[in-house]
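One chain comes next, on its own, written as structure tokens: the form predicted alone.
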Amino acid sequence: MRISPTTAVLLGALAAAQPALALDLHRERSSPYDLALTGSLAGVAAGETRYARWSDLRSLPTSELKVDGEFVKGPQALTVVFLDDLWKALPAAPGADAFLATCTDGYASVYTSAFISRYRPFLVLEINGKGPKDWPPPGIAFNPGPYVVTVSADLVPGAARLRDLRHKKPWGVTALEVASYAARFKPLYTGKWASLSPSARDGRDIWVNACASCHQGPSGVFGGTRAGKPFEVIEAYAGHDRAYFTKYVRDPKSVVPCAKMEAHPGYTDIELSGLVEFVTAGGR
């Protein structure tokens, strides 16, 4: 995705000029284009869901981005709300510091406050002036709606060096959980996973920012359900044959021709060794 230089320069000024607004939250879903909001929301009982209508989201401070090749070939205009502006519009409870996104196909993505501040992810509301009820955009067969969260390496150049960038660009986002990262991912930092080597800690970061897109962690830690493979099974594979596990992560179809998992050829031997250390830490 390419953002025009003029757009990138103006974004900061536009965001600063627009006051924060409170987002209306509704108890009932009104349409398939409502965004479900759960988690640590002040005044909302645990386990309850609230809904933001597309019109509510569109009324928040938004930015217009001119991009090239994000959804279809050629230039497109996106209307977006940055996740930090969405956060400001929500009654986030004390201690909450992350958005956890889930999608129609069971995919998931994690956005900590540090990531949001550094990489400026945004929620796509319109593509070429059309909202999700008029998607998919001409030229693409798969509907990316109801929402897309994405980041731009042109807007934040450092994002191009982010190891797991594509896992921060989910389509089909239906819900955002407002969460405390420490609380939701506590099992990854306590018990058998409390004392990890530096390489295993790096492997834990890979797990949270990539593997958790399709897999839940130990003890059912937040993650996607797309793969449908329990953590304990992954742990067993990694512990039984590290070479097989590493090859599968890099190029699944070279091991299992019908594999649906996407390939991760960019991971180094050191990174994958750290991932194995993390995954198998519970078996020590």
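Since we're looking at a predicted model, the values are computed, not measured. Throughout, we count residues from 1 along the sequence that is shown.
Only in words, not in the display: the form predicted in complex with heme C, which the text now covers.
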property	result
Trp193, heavy atom within 4.5 angstroms of heme C in the model of the complex	no
Interface membership of Phe222, heme C in the model of the complex, 4.5 Å heavy atom rule	no
Heme C contact at Phe245 in the model of the complex, heavy atom, 4.5 Å	yes
Glu262 within 4.5 Å of heme C in the model of the complex, heavy atoms	yes
One residue of Leu37, Ile234, Leu57, Leu65 in contact with heme C, assessed in the model of the complex (non-hydrogen atom, 4.5 angstroms)	Ile234
Cys214, Leu155, Val148, Ala89 - the one with a heavy atom within 4.5 Å of heme C in the model of the complex	Cys214
Whether Tyr107, Ala227 and Val249 all lie within 4.5 angstroms of heme C in the model of the complex by heavy atom	yes
In the model of the complex, segment of 176 to 184, 135 to 143, 75 to 83, 206 to 214 with a heavy atom within 4.5 Å of heme C	206 to 214
